[in-house]
Structure formats: C-alpha cells, structure tokens
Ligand SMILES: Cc1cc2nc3c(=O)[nH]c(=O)nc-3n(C[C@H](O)[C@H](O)[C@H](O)COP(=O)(O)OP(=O)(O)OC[C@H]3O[C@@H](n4cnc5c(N)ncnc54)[C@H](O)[C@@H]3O)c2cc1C
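This document starts with one chain, in the form predicted on its own, laid out as structure tokens.
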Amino acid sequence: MNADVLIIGGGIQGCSTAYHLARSGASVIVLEKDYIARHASGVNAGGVRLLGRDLAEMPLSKASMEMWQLLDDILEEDTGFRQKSVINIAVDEVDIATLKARDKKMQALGHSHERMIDQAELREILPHVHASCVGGAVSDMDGYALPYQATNAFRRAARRFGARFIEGQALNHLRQIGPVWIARTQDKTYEASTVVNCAGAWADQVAMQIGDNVPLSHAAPMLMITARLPHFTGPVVGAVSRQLSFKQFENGTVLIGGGAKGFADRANNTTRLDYAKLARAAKTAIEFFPIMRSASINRMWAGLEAYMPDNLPVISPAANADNAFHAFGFSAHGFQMGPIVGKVMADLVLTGKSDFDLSAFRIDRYDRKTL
C-alpha cells in the first residue's frame, strides 16, 4: 500500500497532520497499532488552555487557540469545544508572588491574555472555592474539548479528503531505501516518500528506526470523574502550586486530574492505577471546593503519555534522515496544540519550512554537538 506520506500514530497530532496534508492534496496513510485516540489523545483531561504555557510554546499555542474557536466549522464536526475560561488559584502570598513574576515577564513580551484576579473576583467567578484562597490568574478565551471526540473529528475530516486510516497494525520495522520509506507490520507493507512520527509514548522507538535518538520517557497520568452534581462551577480550574485540574461538564459530572501518575507498562500496552495518589487528588479537590465532599467517584482511568526532560515537545524534521519528521513528547499538555501542530507538520512536509520558530522543539536539542 503506497502513499505520499505515512504517519505513524493516530492521536490528535497524527490525525491533525493527516487532515492538513490530505486537505492540501497529499495522499496519506495513518498507521495506528491500536485504534484512533486509544492513548493520551483520547483519555486526557481535554484542557484547551493558553494559561501557564511555557513561553517557547506561546506562539504555537496562540495560533492553535484561534483555530479552536472555529474548529467545529472548519472540520464540519463537533469537537466538544467550550470556551469557559481557565483559572489558576493562588492559595497564599507565595503563589501571588509567583503570578506577579510571570505577569511581569508576560507583559514585557507583549502577552496580555493572562490577567491576575484578587480574592473578591475569584469568589465572584468561583463562589464555592474555599474562602482561604487569595486570588489567581485567568485566561478568558480558554476552555476544554472532548479528547476522543475531537481527535476523531480530525480523523473523519481527513478521511473526507482521502486520508486512509489503518488500525490494529503495529509497526514492526521501518527503513529508508533510496527515496522510499518502507514500513512493515506483521502481515502488510506500506511505502511512502515521507514518514511522520506521531507515535506518542512509543515515538522514541520509531525515532530510533529513523536514525534519531531522543531521551523520551513515559508515564500514566490519571483522571477520575464523579457522578452528576448540581452545577456549581463553570471555568476550568487549576492551582498555582498544587496538583489540581478540575472541571464540571454540562451534564453535572466533575473531572478531577492534576497530573498524578499511575503505573505505565509500555511493553504490554497497559496502565495500572495508583489508588493512594487518586485519594490524595480527591482530597485536594475537596480542600479547594468543600462542596465536593458529597461527590461519589464514578470512574477512574489512566493513559500512556510521552515526556521530554524539559516538558517541551519535539516538533522537528529528523536530524539524521531525509523526508522524515517528528511530532511527539507533548508531556501531558499537547492536546490544545493539536490543530496547529498538524498544520506545522503539513507545512514542513510540503514546503520544508514553517511560519514558526521551532528551534526549541528540535529533536537533537539534547545531542552534545548541539549544546
């Protein structure tokens, strides 16, 4: 089976890349070892935020946020996106000092989307927050989407432009022979002029077959969701110095995260929950929102996610091969950047360049020769 571009991995980065390439007229195959949105892209918290972004990501994140506002119309699909704002709560004056330092840096760089709020405004926006919280920072254009739904929205849109999605086929071998990349699974062979590595927690293994070594790690961030509760909050909530990720959906259920990690078994494609950490996450939610004392947990889960040492992704041409590209290592905050990353990867594949400075995301940034 042949195509112009072979994409390894069917998460949001792979599906978005497929959409942008297919829309531009390229023939595309997406090879996914499980099913689309099986891992990080389908089971994350769905945060669509500019708030708290690393400054290196800010131009990409801003461009992606503009796309999110119109994405349902662009894709002609429902991504579940809701603009609800995101707030990081400050619990004490140390947190306020942290926010002030960031605000000063952001203003100096011309970024005005984050604004600090005092205790009174915090209570006005979040009337059920604990009375001891002293303020915070908010980004009004932020919100959330539904990860599995949004990833598959890109998939369906890409298919309308001719992209082919092959599920349940794990990559066993990848090599370049002359100008052609040849990928083999257990019983099939795929050929393409270009390969794009969007393999998430397995991306270092794919990168090695391309010829690039990268210090990628993996973990299993956990989430839990409650039974339905009366509505008491609208914005997505985080905290400056505590592990908290908290949102209430329109149906009344509350999603609780915060970055607590379970047990990741990449070799066997599985995760296990750490119930002690989940209990601490539930306790943290109650400390911030005492109304949560009456909540009952309905479901808990974890997905496999890829992490780089600096928590910045790899968005890059291959360092040691031609016509190969990488988009992985989003370190549990890449969902929001999916729309723009797909466009960037398509631009790199089709034109060899991007409108964005990608130097912070190059795959060889940890190689000694590049230091």
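Don't overthink the numbering: it's just position in the shown sequence, from 1. Since the model is a prediction, treat every value here as computed from it, not as a measurement.
One more form of this protein exists, namely the form predicted in complex with the ligand; it is left out here, but the text below deals with it.
Contact segment among 116-124, 84-92, 290-298, 198-206, judged by heavy atoms lying within 4.5 Å of the ligand in the model of the complex: Single hit among the candidates: 198-206.
Does the ligand get within 4.5 angstroms of any non-hydrogen atom of residue 135 in the model of the complex? Taking the distances in the model of the complex, the answer for residue 135 is no, it never comes within 4.5 Å of the ligand.
Partner proximity in the model of the complex: residue 146 to the ligand, non-hydrogen atom cutoff 4.5 Å: Contact check for residue 146: no, nothing within 4.5 Å of the ligand in the model of the complex.
In the model of the complex, does residue 12 come within 4.5 Å of the ligand, counting heavy atoms only? Close contact exists here: in the model of the complex, residue 12 approaches the ligand to within 4.5 Å, heavy atoms only.
Within a 4.5 Å heavy atom cut-off, is residue 273 in contact with the ligand in the model of the complex? Heavy-atom contact with the ligand at 4.5 Å: absent for residue 273.
Answer option from 321, 29, 43, 50, heavy atom within 4.5 Å of the ligand in the model of the complex: Checking each option against the ligand in the model of the complex, the one that comes within 4.5 Å is 43.
Would you kindly say which of 106, 223, 210, 99 lies with a heavy atom within 4.5 Å of the ligand in the model of the complex? Checked against the cut-off, the match is 223.
Residues of 328-355 having any heavy atom within 4.5 Å of the ligand in the model of the complex, listed in sequence order: 330, 332, 333, 334, 335, 336 sit within 4.5 Å of the partner.
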